[in-house]
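Only one chain comes next, encoded as structure tokens, the form predicted alone.
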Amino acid sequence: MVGESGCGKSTLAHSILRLIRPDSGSARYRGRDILSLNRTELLEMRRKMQIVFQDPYSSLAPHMTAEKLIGDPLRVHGCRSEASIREMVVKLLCEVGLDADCLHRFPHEFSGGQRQRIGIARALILNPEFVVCDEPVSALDVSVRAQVLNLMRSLQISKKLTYLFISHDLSVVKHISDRIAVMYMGKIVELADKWRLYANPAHPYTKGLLGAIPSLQGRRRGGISLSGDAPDAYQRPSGCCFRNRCPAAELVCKIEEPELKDVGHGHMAACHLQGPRGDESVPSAAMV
């Protein structure tokens, strides 16, 4: 899930996990509406759904040791054997690149990358199926981001995890995602396989995001240049919310809000100017 800051990515993530309660709508996981679950049902569901927060500094309680931070979810869900909890914590610490010497250290004694590894371990201690990753590397030094991303990718494969990976950086998303949704002002404006989206973006906003990725040659990657800021979310413009920033906007864009529709091969876009497409040239699995 990509989009500019303030477009609603984190709000969506927190709504899915019921960390906040949305005013309307539904969020379904394996056919069950998460927003309608009672307290007991929600506690059981949260064994399967966890989150890695954006800020590794504020997301860890400063008065708790690494052992307690990672092991507490097991205690909340009924594990009473402290020996078993410690064994599982030590095992998971090793999997995220830390060791047993870290058990009794407090968050301020770790670097930013190490704190985020603890946050990842805490999210995985219950063996979830689905993990929301809310911009998990945006607060880290550039030198550490690749290490954490590679760690998350290897854990995704080894533990058969599904990620909802949220970011405003399309170059980061390309590294870890299989399918990409682009959000603008709280709505999905494009959804596609990552190779199809990068090779042939359908929505002008996506083209603008791709054009903003710097290259070694110092040139934009053929996308459009985004200008101006997103409109006030409390005073949404009529029709297409992106029309005031779109260089190709037409009269219909002012009158009618576009629906998210299939423009070919499962590639979805919410744009009046996009019709069905033929087959695009995208890399095959052997080329990736």
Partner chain sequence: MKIPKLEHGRGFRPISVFTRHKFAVAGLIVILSEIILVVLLPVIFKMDPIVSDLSSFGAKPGAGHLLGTDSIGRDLFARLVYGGRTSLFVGFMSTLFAVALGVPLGLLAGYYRRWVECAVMRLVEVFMSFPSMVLILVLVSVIGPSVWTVTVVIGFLGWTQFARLVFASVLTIREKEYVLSASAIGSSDAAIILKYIFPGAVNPVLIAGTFMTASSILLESSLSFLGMGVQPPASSWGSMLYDAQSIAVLSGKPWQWIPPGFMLILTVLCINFLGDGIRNMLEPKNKTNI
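What you see is a predicted model; the values in this text were computed from it and never measured. Residue numbers count along the first chain shown, from 1.
There is another form of this protein, the form predicted together with the partner chain, and it is not shown here; the text below is about that form.
- Residue 254 falls outside the set of residues with a heavy atom inside 4.5 Å of the partner chain in the predicted bound form.
- The partner chain in the predicted bound form comes within 4.5 Å of a heavy atom belonging to residue 76.
- Interface membership of residue 105, defined by any non-hydrogen atom within 4.5 Å of the partner chain in the predicted bound form, is confirmed.
- Contact between residue 196 and the partner chain in the predicted bound form is not found at the 4.5 Å heavy atom cutoff.
- The partner is absent here; in the predicted bound form, the one residue of 82, 178, 141, 109 having a heavy atom within 4.5 Å of the partner chain is 109.
- For the options 40, 58, 36, 238, the residue carrying a heavy atom within 4.5 angstroms of the partner chain in the predicted bound form is 58.
- Annotated contact segment (heavy atom within 4.5 Å of the partner chain in the predicted bound form): 49-57, selected among 49-57, 24-32, 254-262, 239-247.
- Using a 4.5 Å cut-off on any heavy atom, the one residue of 18-34 that reaches the partner chain in the predicted bound form is 19.
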